[in-house]
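Presented as structure tokens, the chain that follows is alone, the form predicted on its own.
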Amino acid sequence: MTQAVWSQLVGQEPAVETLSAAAKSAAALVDGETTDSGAMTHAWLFTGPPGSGRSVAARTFAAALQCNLGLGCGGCNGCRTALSGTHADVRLVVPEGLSISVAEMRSLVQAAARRPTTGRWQIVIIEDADRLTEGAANALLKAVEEPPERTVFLLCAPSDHPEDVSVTIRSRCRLVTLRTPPPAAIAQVLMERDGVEERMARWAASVCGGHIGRARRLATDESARKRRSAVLRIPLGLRRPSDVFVCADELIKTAEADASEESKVRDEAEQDALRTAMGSGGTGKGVAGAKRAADAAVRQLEKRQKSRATRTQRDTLDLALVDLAAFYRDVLVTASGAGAMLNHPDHATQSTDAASQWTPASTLRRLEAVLACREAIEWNVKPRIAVEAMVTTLREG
């Protein structure tokens, strides 16, 4: 039996209620049953903590809008192609570098102005809308202020704070706030959708910090579990001054290896596909010109790939820093005697040991050092320098 598209949203019942009502209003508009937009509007902003499923919510809503039945049935061609990313009228913008450029946004806005070709709506999904440059945000604003009749913009960002989304864009969007899904709901999804064994699913759900994608990686990838364990050994493993640089080097190299592993196969496939599309390997008249054009296009592609690899490396490092910050938070919880749930319940013994060795003030300084490192990397400080400064503070307290 085919499940409705809303089953993709884990633990987000209030959001599902809002979006399903909007999808029904949208279907009535397209079918000519009404001229009242009702619960539907042309611009939406999905916010929520990392792992809450912002992009999943946007894709799910896009599928419901393109549904042949207008309900998000999950079985029709509109639903299936929208969810798989192959629908001709659903455009997905995923920043491969550290930002979304004005040129990319202008091109997208022009394409979005066209009427739908095969679907019911022309839909633009912008993941990480907080990465829009000022020029790109201005280009988007013009489109959102005067939207084409059958175009919908779906923006995803950590929050609706002006540092993430400009006030003017926010004021023209309907806000959908997602919450951190509970561990029980995450475990259920891992078991039903990914076939994960119950014990592993419950463990991954308990330590993922509410991040569904992270839970899936921890449950299915042994190397991800080993990396997490290595990170959580750092707080109590800084005994000698030299340990500072050993641990910092390990953090950086792990992030670089992850980025390289994730990018290598994809990069080579993209370059081969581009060369083939540009006529590389052909024979006959005009081959030399085609080769020069192909080489130039590949150089541009390599530049974008390098930017993407930098972002992947920073995202991987940030995950490690979040794990570290959560450990120091667990130490504070343990020291206080509060009954709050631990972020790393499988490392409760280490949290107790640390709480007996450190004062709450020194633990707080360590936590602040991790948060300062994240902020420094966000401001483009070289990751190695930021991490070494952080680990020095972690040792000294």
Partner chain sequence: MTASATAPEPLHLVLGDEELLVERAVRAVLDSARKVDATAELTRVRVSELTAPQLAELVSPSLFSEGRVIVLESAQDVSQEISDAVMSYVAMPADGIALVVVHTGGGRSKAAKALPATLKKAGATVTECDKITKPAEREAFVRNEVRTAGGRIDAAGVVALIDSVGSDLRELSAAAAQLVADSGGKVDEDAVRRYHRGRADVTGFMVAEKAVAGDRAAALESVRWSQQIGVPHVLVADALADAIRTIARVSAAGRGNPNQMAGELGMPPWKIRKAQGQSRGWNGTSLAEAMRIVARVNAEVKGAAADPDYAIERAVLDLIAAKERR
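Remember, it's a predicted structure, so these values are computed and weren't measured experimentally. Residue numbers count along the first chain shown, from 1.
What comes next is about the form predicted in complex with its partner chain, which is not displayed.
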Counting only non-hydrogen atoms, the one stretch of 124-132, 239-247, 208-216, 79-87 within 4.5 angstroms of its partner chain in the predicted bound form is 239-247
Could you confirm whether Thr392 comes within 4.5 Å of its partner chain in the predicted bound form, counting heavy atoms only? yes
Could you confirm whether Lys24 comes within 4.5 Å of its partner chain in the predicted bound form, counting heavy atoms only? no
Is Leu9 close enough to its partner chain in the predicted bound form to count, meaning some heavy atom within 4.5 Å? no
How about Arg384: is it within 4.5 Å of its partner chain in the predicted bound form, going by heavy atoms? yes
Since the partner is left out here, which residues of 47-61 would have a heavy atom within 4.5 Å of its partner chain in the predicted bound form? none
